[in-house]
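Shown here is one chain on its own, the form predicted on its own, set out as structure tokens.
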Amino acid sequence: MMKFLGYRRPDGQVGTRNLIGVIPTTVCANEVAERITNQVNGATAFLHHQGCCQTPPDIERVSFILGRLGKHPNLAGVLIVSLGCESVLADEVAEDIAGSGKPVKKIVIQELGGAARATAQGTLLVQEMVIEASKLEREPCPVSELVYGIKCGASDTTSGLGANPVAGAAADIIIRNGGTVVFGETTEFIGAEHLLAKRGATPEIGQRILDIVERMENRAKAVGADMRGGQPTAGNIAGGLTTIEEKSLGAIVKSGTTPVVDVCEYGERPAKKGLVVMDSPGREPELLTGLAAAGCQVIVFTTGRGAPQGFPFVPVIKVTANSKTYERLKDHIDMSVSDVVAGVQTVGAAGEELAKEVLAVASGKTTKAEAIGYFAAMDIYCTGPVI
């Protein structure tokens, strides 16, 4: 049976990292959150641009996502950083996170007298939590407790031909061993959604896939402008992708071959094991946040031209099938599967290698994004205006 070494949490979840999360409830608290984590090894901040002056549905979403992020099993404890007058209620977010059984602290910048005092107080609190978390040890855990997220970005022709099929082959292996796989990027189903819908475990799940694609299409139409240039991106087009349909055909193969057992809203945690679709956009900051909120402990991110983003507390494995990209961006890319495109290696063999890499990273191996700290530019997917 496939296993990895993880940290068992009070609520039964298993983490692949053992960090203290510093989570601001509004953009206005980002600087304090960042300064705190810069002073304490073993702490990481989730910085975002939401939390105030938004429509009620978006404020509700931000609160929900921050709570889900705080409950993530890769975090051993959380410090909530509030400005004090934002729309997101810090106490409610803290209470939500505390329900997981992990320690949660809160500071309010306005009440403490400003950034300097808040940073000092927060640093002391986080330092204590980091020391306490260091007492925890990894233990063997079955793959059935792993949630594997998949993302593609800066795609080119090699993505659909090599990297994405390999990610799908690894997903099939994880699922065969009882694990859960989450993938999204609804925009990149457009034109191929009928193929994905056929893989629904029930007719209702297939229809749900069609429904979320139609909803995403309507959001694009509501702007009153052609979506080309936004999807596919200028980089996608330069990389040889000509239409959104072509991009979608290459994107959906990263889900592998198993039936889709469920369709979730953005950031929701899967209720079933197996392959799960999460409604979400394609852009990295929002999509990675959605996967993290859904509980993914490891994310595989395929790229053709070289997208560098990681995530603050979820290891992100970068995979490319473009040999030139791998040589040019070795500081960012963890694994090359260019031999698949060259016809030297099969998709199945490369998928087995990637599945082993997923378990190694889940057990503590550091990814390149983690090593260089390339994960600051994150955000939450909101659909309404800033008001």
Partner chain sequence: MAEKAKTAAMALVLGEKDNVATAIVDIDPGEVPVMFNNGVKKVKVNQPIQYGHKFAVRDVGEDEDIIKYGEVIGISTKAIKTGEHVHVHNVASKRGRGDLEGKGA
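Positions refer to the first chain, counted from 1. Predicted, not measured: the structure shown is a model, and the values here were computed from it.
Although it is not shown, the form predicted together with its partner chain is what the next lines describe.
### Listed range touching its partner chain, judged in the predicted complex by heavy atoms within 4.5 Å, from 216-224, 139-147, 82-90, 284-292
Going through the listed ranges, the match is 216-224.
### Task
Indicate whether its partner chain has at least one heavy atom within 4.5 Å of a heavy atom of Gly77 in the predicted complex.
Heavy-atom contact with its partner chain at 4.5 Å: absent for Gly77.
#### Entry: Val341: touches its partner chain in the predicted complex, heavy atom cutoff 4.5 angstroms
It does: once its partner chain is placed as it appears in the predicted complex, Val341 has a heavy atom within 4.5 Å of it.
#### Entry: its partner chain contact at His194 in the predicted complex, heavy atom, 4.5 Å
His194: yes, in contact with its partner chain in the predicted complex.
### Query
Looking at the partner-bound form in the predicted complex, is Gly240 within 4.5 Å of its partner chain by any heavy atom?
Close contact exists here: in the predicted complex, Gly240 approaches its partner chain to within 4.5 Å, heavy atoms only.
### Query
Is its partner chain close enough to Thr158, Ile244 and Gly250 in the predicted complex that each of the three has a heavy atom within 4.5 Å of it?
Answer is yes for this spot.
#### Entry: The unique member of Gln39, Thr55, Ser323, Asn30 whose heavy atoms fall within 4.5 Å of its partner chain in the predicted complex
Of Gln39, Thr55, Ser323, Asn30, the residue with a heavy atom within 4.5 Å of its partner chain in the predicted complex is Ser323.
### Task
Identify, from the list Met129, Ile212, Val263, Ile190, the residue with a heavy atom within 4.5 Å of its partner chain in the predicted complex.
Comparing distances to its partner chain in the predicted complex, the residue within 4.5 Å is Ile190.
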